[in-house]
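Only one chain is included here, represented as structure tokens and corresponding to the form predicted alone.
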Amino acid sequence: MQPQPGSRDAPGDKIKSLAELASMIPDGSSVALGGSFLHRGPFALVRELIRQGRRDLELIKQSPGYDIDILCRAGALRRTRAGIVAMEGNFGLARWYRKAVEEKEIELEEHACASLTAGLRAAAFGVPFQPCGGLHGSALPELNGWKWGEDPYGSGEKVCLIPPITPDFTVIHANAVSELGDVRVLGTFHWDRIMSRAARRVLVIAEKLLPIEEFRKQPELTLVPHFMVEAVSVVPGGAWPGSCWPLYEIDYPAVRAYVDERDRDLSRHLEAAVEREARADA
């Protein structure tokens, strides 16, 4: 069915500037961020949230790194539900995140990647819990108040039951979007699919805009259909200083400069990002 002019799905209606997209996320929101570590994260949006002075956010992500670290550094986070957190092997731990947790500047609900995924699945499937294996012997169920259930089929085994995790927003970085808001990701999409199904609202940052016809030719490449997406912003290089395969790799010198303990001036990093985004958009 062709979208009608002025309808909710009219081409171009969902396209916003980066500042407009960030302004849709109010203080106190819970936000699931796509990508993994330094790969294809919606980092341009994260930095714009900082520029706009957002506060009391909750971050939800299985494997955050730069995104959670810079949000902690800027004082934008109140709470996080996260699995493994690191700047990957080259740069070690996310030190601003670690400082925020140790000094109780943020509340941490620690997860395994599998338990966080189970909670998102429960929300996406509309069920009150999702079974999760692999947590036997861990302190996470007790710390987080998760319940155990017996196998109703009589094996005698118990499994941990993870309650739903429903982000207010999921924000993902994509290789391309259509004028309607269809989303295409090349390579691994990490946990972006289940995040997009679990959240109340989905926002997308994309490297480029492609004609609707391109998506219709290969619908199997659409990760998130347009009717699930509220708004998109086209920001070439928006995953910097991380990678977006196959367009660009991690900018290791930029990450090294960010984690340099001698430099505590975050504004320099944010200014460098603005300059780079402006060059990429020219």
Partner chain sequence: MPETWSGFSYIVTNLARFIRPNEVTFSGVNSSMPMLACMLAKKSYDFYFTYINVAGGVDPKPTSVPLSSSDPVLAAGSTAIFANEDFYDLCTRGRMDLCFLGAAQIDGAGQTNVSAIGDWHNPKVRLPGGGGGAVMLPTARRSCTWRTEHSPRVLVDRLDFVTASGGMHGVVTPIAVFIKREGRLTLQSWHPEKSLDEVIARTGFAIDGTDASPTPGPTDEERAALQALDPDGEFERDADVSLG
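Positions refer to the first chain, counted from 1. Bear in mind the structure is a predicted one, so any value in this text is a computation, not a measurement.
Same protein, other form: the form predicted together with its partner chain, not shown, and the subject of what follows.
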{"item": "Distance check, residue 237 to its partner chain in the predicted complex, heavy atom within 4.5 Å", "value": "no"}
{"item": "Contact flag, residue 10 vs its partner chain in the predicted complex, heavy atom cut 4.5 Å", "value": "yes"}
{"item": "Interface membership of residue 76, its partner chain in the predicted complex, 4.5 Å heavy atom rule", "value": "no"}
{"item": "4.5 Å heavy atom contact, residue 209 to its partner chain in the predicted complex", "value": "no"}
{"item": "Sequence-ordered list of residues in 95-109 near its partner chain in the predicted complex, where near means a heavy atom within 4.5 Å", "value": "97, 98, 101, 102, 104, 108"}
